[in-house]
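Shown next as structure tokens: one chain only, the form predicted alone.
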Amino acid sequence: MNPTIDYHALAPEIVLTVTVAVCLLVDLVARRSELVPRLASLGVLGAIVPVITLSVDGANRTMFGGTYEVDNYALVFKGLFLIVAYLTILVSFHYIGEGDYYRGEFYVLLLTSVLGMTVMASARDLVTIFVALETITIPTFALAAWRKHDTKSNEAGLKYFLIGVISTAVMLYGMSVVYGVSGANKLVGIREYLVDTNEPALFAVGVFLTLVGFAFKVSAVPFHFWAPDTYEGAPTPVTAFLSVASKAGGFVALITIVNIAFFPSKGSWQPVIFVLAAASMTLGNLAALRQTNIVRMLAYSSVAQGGFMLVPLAVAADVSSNSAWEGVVVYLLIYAGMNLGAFAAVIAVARRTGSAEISSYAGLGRTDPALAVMMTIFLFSLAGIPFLAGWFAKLVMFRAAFDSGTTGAVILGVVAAINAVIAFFYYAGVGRQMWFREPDPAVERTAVPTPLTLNAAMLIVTVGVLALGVYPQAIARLGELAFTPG
């Protein structure tokens, strides 16, 4: 039988696929042309249109025997991935154009990774999840090593590739064990197996290995060791993309497989995620305190923020409502904006100083007050200071932990509270450099203007962080919609 294909439901993926093909062909004809990034940005904006029309329609659409579903949950994340992709293109435009980089291929690989993310949001079986995750990851292996003749970039790409291959092997082996024991490839089939059967020990092993594979993808402790070196060595727009969109893709896969497939097997997945959350928050924040390079600081901050996002997931089985799942989604959406904004500001500062050292931020409030204000907003939002968007992310995380009411959840909530205080110190440390320190005379500052596209990206994110901090109901509504049947 021929499968029924809903072209409206597949429109975002179709638009992205066509855009990738067009960008590749244009790059072959017009080398080193600014046309490719412009086409890439238009393609991303074009892919957002069917996401909006599908959201207005509101109906759940299922294809390929239930292995691919376009519902509110999928649309929320497709929208996130496409917006992040557009902002990444804005941030990358002059950075890639002015450097010694392959321009056209950069955007082709970037959009290919985004295509995998949109597929991941709708994947409802193990094979599709695996293929989508590799479509996300493989292009980023090359992007991490995109700096020509740079040993740090080469090291970043190689280390990311080797760890990525190992994590993929572990995850795939875990999935094969889950399939072998349950006899089901679809996530709903695995859930039905768990409901109807006493879970064998081998199944728990499969769950553990699968979660370990995902832990590598989201750089959770103790599987985070690739992140700092990769983030520092990769081009900064790639680092921003890895820390936001790629990390979000891994989290979407983790949420999907735990919520739909593994949920009845609480004893298998909950302790693992509990340990990952506590370890990621604690080690990530403590390591960030010691960093002198802001990219490495944000890398360890990203590890810690991933731990905060894992808290609602760890207690989801003990909360009667969907508030825990909604908390993960809300945190992920807010984190994407504020972290992308922080890396955009890092790029803008580096254009002036040529340095990523935190000491180079000294006196920024005097030399470029607007940039210093935006960087302060992003950092304090990451710290969870009211009334910036990050405070609401922390609120939903704590609410999920304490609504659970179990002893383990309360302990995890206390650990999160202590780590939120620790995080404030290193975020505030950068703010102190910007506003209360004299400019370092050893740091050469140039009067290079910040490109319009980079300013536009930072301004968009700044407005979003401020607006959601004052009116968080908008982002809370998206979290509710993600788990509201169409």
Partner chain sequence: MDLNAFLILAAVLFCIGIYGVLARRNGVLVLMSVELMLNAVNINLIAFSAYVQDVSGQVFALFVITIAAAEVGVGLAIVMLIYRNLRSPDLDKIDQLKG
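Positions refer to the first chain, counted from 1. The model shown is predicted, which means the values in this text are computed figures rather than measured ones.
One more form of this protein, predicted in complex with the partner chain, exists but is not displayed; see below.
Engineer: Just to confirm, with a 4.5 Å cut-off on non-hydrogen atoms, which of K159, R103, H94, K394 contacts the partner chain in the predicted complex?
Structural biologist: The option sitting close enough to the partner is K159.
Engineer: Would you mind picking the one in N198, S321, T407, T151 that has a heavy atom within 4.5 Å of the partner chain in the predicted complex?
Structural biologist: Partner contact (heavy atom, 4.5 Å) among the options: T151.
Engineer: Taking 4.5 angstroms as the heavy atom distance cut-off, pick the stretch from 329-337, 306-314, 350-358, 160-168 that is near the partner chain in the predicted complex.
Structural biologist: That would be stretch 160-168.
Engineer: Even though the partner chain is not shown here, does it sit in the predicted complex so that L126, I138 and A145 each have a heavy atom within 4.5 Å?
Structural biologist: The answer is yes: all three residues contact the partner (heavy atom, 4.5 Å cut-off).
Engineer: Does V84 reach the partner chain in the predicted complex if we count a contact as any heavy atom within 4.5 Å?
Structural biologist: Heavy-atom contact with the partner chain at 4.5 Å: absent for V84.
Engineer: Even though the partner chain is not shown here, does T367 get within 4.5 Å of it in the predicted complex, heavy atoms only?
Structural biologist: No, T367 stays farther than 4.5 Å from the partner chain in the predicted complex.
Engineer: Answer for G233 alone: is it within 4.5 Å of the partner chain in the predicted complex, judged on heavy atom distances?
Structural biologist: Flag for G233 set to yes.
Engineer: Within 4.5 Å, heavy atoms only: does D229 come near the partner chain in the predicted complex?
Structural biologist: Although the partner chain is absent here, D229 would touch it in the predicted complex, with heavy atoms inside 4.5 Å.
Engineer: Taking heavy atoms and a 4.5 Å limit, what residues of 161-195 are near the partner chain in the predicted complex?
Structural biologist: Residues within 4.5 Å: F161, L162, V165, I166, T168, A169, V170, L172, Y173, M175, S176, V177, Y179, G180, G183, N185.
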